[in-house]
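Next up: just one chain, as structure tokens, the form predicted alone.
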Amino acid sequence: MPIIELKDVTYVYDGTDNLKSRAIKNVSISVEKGEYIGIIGHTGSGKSTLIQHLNCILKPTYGKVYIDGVDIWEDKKNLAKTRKKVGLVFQYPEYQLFEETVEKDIAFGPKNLGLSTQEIEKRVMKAAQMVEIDQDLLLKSPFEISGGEKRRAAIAGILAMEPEILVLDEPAAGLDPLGKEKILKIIDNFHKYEKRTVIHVTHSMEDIAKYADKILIMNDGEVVSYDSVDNTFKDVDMLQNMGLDIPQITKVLFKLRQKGFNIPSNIYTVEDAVNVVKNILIEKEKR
């Protein structure tokens, strides 16, 4: 049974219900437990609207949303259960920090779950460790720390709630390369080691190529493609017709293939490219 299933979900944002007012249209997808799904598409394509249906922020105008096989809008009791299962990290989540200390901010979510003091402390320490926040930083005001630290603190607040599904809307937006890589690694570790499902909205083809199992492409409120990373990036014409593209490193390797180098076509990350080029050089030295 899929952990997430949307059946013919349409959302009308102004009540008029004409085609132009439909933010998303007839979306039907399923996500298996433990998958890492990347969602891409231009601004206004419906990505953010789609993910806000996963933890009850938006109710479908038409269609059904199932989490763990449960229709989340069938009974009001399902809403609270769903919000515990689905953690949503908005773009620039640090703007939601408000407590006196970073530690109290991370503890806010677990407190609202009605957990014991001991369990809250345990979760705060675990989440802080996952996002590389040390004890000194926990005691500081969230308004006295750096932008990257704020972002990690905000994400720690969601991780401390231990959601089964982590949904993120451009989690690395606005960060420098080092801060971005830290955030993406935190998410990847949560996926791999905590065995949780991740839904990641981004504009970065490189990020999705590196971490995702499958890619969902949205365009004009509709699902254009929902497939593996390999199959998605093989369809270059489809991507270019929507103004999207393949990762830059893949383009570079394509040029090398044209020059006669024996390089696989399914290389999408710098790390994989470095290994391939190293092997080519080693083979060349052996000759």
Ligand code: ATP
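Keep in mind that this is a model prediction, so the values were computed, not measured. Heads up: residue numbers just count along the shown sequence, starting at 1.
Absent from the display: the form predicted in complex with ligand ATP. The rest refers to it.
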{"query": "N112: touches ligand ATP in the predicted bound form, heavy atom cutoff 4.5 angstroms", "finding": "no"}
{"query": "Any non-hydrogen atom of T43 within 4.5 angstroms of ligand ATP in the predicted bound form", "finding": "yes"}
{"query": "Exercise: S48 in contact with ligand ATP in the predicted bound form, heavy atom 4.5 Å", "finding": "yes"}
{"query": "Contact flag, E206 vs ligand ATP in the predicted bound form, heavy atom cut 4.5 Å", "finding": "no"}
{"query": "Contact assignment for ligand ATP in the predicted bound form, among S146, Q96, Q91, S141, heavy atom within 4.5 Å", "finding": "Q91"}
{"query": "Position in contact with ligand ATP when the complex is considered in the predicted bound form, options E194, E170, E164, D188, heavy atoms within 4.5 Å", "finding": "E170"}
{"query": "Location of ligand ATP contact in the predicted bound form, chosen stretch of 249 to 257, 35 to 43, 235 to 243, 64 to 72 [non-hydrogen atom, 4.5 Å]", "finding": "35 to 43"}
